[in-house]
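The form predicted alone is given below as one chain in structure tokens.
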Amino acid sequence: MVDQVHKEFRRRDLLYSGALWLLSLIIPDPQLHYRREYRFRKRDLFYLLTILLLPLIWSDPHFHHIMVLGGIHGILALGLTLFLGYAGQISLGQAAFFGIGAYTTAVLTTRYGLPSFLAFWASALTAFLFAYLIGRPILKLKGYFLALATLGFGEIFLVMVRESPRLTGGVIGIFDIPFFSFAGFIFDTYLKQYYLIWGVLMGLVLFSKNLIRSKMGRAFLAVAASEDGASAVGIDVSRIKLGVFVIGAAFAGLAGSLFASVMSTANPETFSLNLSVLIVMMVILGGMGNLYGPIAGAIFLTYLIDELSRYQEYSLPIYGVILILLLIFFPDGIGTRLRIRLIYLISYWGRKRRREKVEL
């Protein structure tokens, strides 16, 4: 009897400690507010107000749809920038985890009648587990060999999806996926989906900010600088690489679930290598050294692809020229440069206000 009670307490303590650990990553540490570099900044308020007011200023449904897709791509880019920008590793398999999340939601909601809210978290968990299983062997590789291994996983995923018509619908895919709903509220319009996806994205940004400020986040930077040096100071390099890999995969799983709910379909052609390369381009163009840059890159490339779709014959040459010019004139990423300009403008506005008060 006593042993059974002890086992129940151990299980309960494990659940409580896991929940508290997740909350510690999401909720900022109150001690950080006493440090100047971690205080809430004006640019964060500017970003938040822009996201809240943007769909109200531009009420075009097509613009809302582009921003919905941009937000989904932003989640993908945010997950990849933790692995590519902070941990210094290369992955071309983000589209596969994106597809795993989409198909998990599609199968659970259309065939088993699971609520989309539960399917949303199940998609993240499924992508997390797949990343853990393949990450243990392939993360022993480095550089281009790691990139090729993740690329191979993406191609294997596409073959399995196409050759499993009973489960995934084969080449045709799965249709009539229900919209995301929570507590009876259905996100069935582009405006509702905009606030849903950008709310999830802002939550993931907050999670990522606290993650990179933690001990694990500092280990990411150490591994990116030198794996041998990080190992020499006692960092378990394999565990750190696996940890950031599965976190990025879970982000992609969440994005895939949202994509399936928004588009009401899951088709294997969507999750090809082209998408993985596009996500890498979003991270590089946005800037790999910060969290906001890849989101800016995702919005820019999503909008650019939509605009160039009008010029079918010349879209690829124009797209290539624009990307080359951006890489030449914005080598650090458009997000990094825009962030510097925004900080300058906000600081200039603050200094101007102080001068006016002094003159009065």
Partner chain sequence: MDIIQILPQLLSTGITFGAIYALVGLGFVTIARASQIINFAQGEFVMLGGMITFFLLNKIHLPYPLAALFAILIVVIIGFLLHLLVIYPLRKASLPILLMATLGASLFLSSASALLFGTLPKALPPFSARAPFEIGNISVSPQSLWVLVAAFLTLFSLYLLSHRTLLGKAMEASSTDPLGADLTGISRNLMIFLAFGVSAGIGSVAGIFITPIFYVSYHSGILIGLKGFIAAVLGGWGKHNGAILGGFALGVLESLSVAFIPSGYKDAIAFIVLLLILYIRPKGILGSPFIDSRRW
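This one's a predicted model, so the numbers in the text were calculated from it and none came from an experiment. Positions refer to the first chain, counted from 1.
Same protein, other form: the form predicted in complex with its partner chain, not shown, and the subject of what follows.
Asks: Honest question, do 188, 196 and 199 all end up within 4.5 Å of its partner chain in the predicted bound form by heavy atom distance?
Replies: No, none of the three is in contact.
Asks: Have a look at 47, 319, 63, 292 for me and say which one sits with a heavy atom within 4.5 Å of its partner chain in the predicted bound form.
Replies: Contact residue from the list: 319.
Asks: From the list 147, 246, 205, 108, which entry has a heavy atom within 4.5 Å of its partner chain in the predicted bound form?
Replies: Of the candidates 147, 246, 205, 108, 147 is the one lying within 4.5 Å of its partner chain in the predicted bound form.
Asks: Is residue 115 close to its partner chain in the predicted bound form, meaning a heavy atom pair under 4.5 Å apart or at it?
Replies: So residue 115 does not count as contacting its partner chain.
Asks: Although the partner isn't part of this model, could you tell me whether residue 284 comes within 4.5 Å of its partner chain in the predicted bound form, counting any heavy atom of the residue?
Replies: It does: once its partner chain is placed as it appears in the predicted bound form, residue 284 has a heavy atom within 4.5 Å of it.
Asks: Heavy atom to heavy atom, is residue 328 within 4.5 Å of its partner chain in the predicted bound form?
Replies: Heavy-atom contact with its partner chain at 4.5 Å: present for residue 328.
Asks: In the predicted bound form, does residue 138 have a heavy atom within 4.5 Å of its partner chain?
Replies: Judged by the heavy-atom cut-off of 4.5 Å, residue 138 is in contact with its partner chain in the predicted bound form.
Asks: Okay, which stretch from 249-257, 138-146, 119-127, 176-184 lines its partner chain in the predicted bound form, with non-hydrogen atoms inside 4.5 Å?
Replies: It is 138-146 that comes within 4.5 Å of the partner.
Asks: Taking its partner chain in the predicted bound form, which residues along 271-297 bring a heavy atom to within 4.5 Å of it?
Replies: 273, 274, 277, 280, 281, 284, 288 sit within 4.5 Å of the partner.
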